[in-house]
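Consider the single chain below, provided in structure tokens and representing the form predicted alone.
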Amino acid sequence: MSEDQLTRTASTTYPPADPSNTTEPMLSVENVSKSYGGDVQALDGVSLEANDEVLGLVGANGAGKSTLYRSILDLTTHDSGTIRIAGYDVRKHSVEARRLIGYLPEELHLYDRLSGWELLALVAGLRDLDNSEERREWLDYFGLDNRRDVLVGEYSLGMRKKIGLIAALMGRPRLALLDEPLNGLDTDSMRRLRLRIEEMSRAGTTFVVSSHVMSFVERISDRIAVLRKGRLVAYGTTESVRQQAGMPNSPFEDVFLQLALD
């Protein structure tokens, strides 16, 4: 299927995201720090925003990306600073904030004794979604329609990642957090994911996406935040980040290596 055909498929499926609470940024992180004791400073005064855009969150392993995701979800309690989702303080209004979020963790832990369809139905029920038609469309889009009744435990790595992505993105969350979404995906699936992210972003879903594939991050991101050892060392458009690195004409992969590594 050509990219134009995929784009038309993606752009005609869903209505715009819920426009309520639009006076506040969808994601606001203000001077957030998190220490795991001793000298392990996972986050050190991080401040950033994301609103109606795709924010690429990049850094080397151990830079603090997963800690930031877990703090946004209130799965990890940050030591200081404030995180708000559409105006909701995640520590004071965790339930309200989480209802707006779809999350794909880097390490997927799925119910292996459920079929793909049963797993998605379970997630839909937990999120009060009556969306059987949407689930069918997602499975067809990612080529899993003929594997929907197979146990998740029998899925390949790529199939598991697709099911995790569907679970995170169905219902059109206001904020989607995708931690290493490309792991296990083939080239066609990466393209399908990119097109769906672009379509959903245009319709009002805010994305924060982490990946070590810099060409993907550069292509989909409106802005990029670079973490190094828990600190935000660059933040802005790709052109701005290049300027901050002093490498205005360099490939973005080289810019990332300059900023993210010692």
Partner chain sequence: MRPTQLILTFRCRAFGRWIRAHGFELFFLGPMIVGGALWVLSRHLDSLRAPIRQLVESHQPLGLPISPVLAFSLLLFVLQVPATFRELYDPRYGASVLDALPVPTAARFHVSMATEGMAIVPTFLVLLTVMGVLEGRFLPSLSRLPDVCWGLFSALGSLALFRIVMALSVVRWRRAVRSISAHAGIGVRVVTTLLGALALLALGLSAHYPLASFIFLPWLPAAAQIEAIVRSGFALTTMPHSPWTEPITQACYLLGLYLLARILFIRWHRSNLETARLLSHRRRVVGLPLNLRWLTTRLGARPLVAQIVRDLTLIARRFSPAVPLAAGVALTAQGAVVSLLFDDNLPLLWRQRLAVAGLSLSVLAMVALVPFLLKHQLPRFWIEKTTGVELEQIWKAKLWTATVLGSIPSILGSMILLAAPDLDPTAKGVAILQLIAATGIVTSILGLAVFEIAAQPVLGLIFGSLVALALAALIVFYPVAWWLWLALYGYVASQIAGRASRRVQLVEVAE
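The model shown is predicted, which means the values in this text are computed figures rather than measured ones. Numbering follows the first chain given and starts at 1.
There is another form of this protein, the form predicted in complex with its partner chain, and it is not shown here; the text below is about that form.
> Scan D188, E137, D79, E118 and let me know which has any heavy atom within 4.5 Å of its partner chain in the predicted complex.
When its partner chain is considered in the predicted complex, the option within 4.5 Å is E118.
> Pick the stretch from 180-188, 81-89, 138-146, 121-129 whose residues have a heavy atom within 4.5 Å of its partner chain in the predicted complex.
Only one stretch passes the 4.5 Å heavy-atom test: 121-129.
> I'd like to check something about L108: if you look in the predicted complex, is any of its heavy atoms closer than or equal to 4.5 Å to a heavy atom of its partner chain?
Close contact exists here: in the predicted complex, L108 approaches its partner chain to within 4.5 Å, heavy atoms only.
> Would you check, heavy atoms only and a 4.5 Å threshold, whether V95 touches its partner chain in the predicted complex?
Although its partner chain is absent here, V95 would touch it in the predicted complex, with heavy atoms inside 4.5 Å.
> Taking heavy atoms only, is R70 within 4.5 angstroms of its partner chain in the predicted complex?
Yes, contact at 4.5 Å.
> Does any heavy atom of I101 come within 4.5 Å of a heavy atom of its partner chain in the predicted complex?
Yes - in the predicted complex, heavy atoms of I101 and its partner chain come within 4.5 Å of each other.
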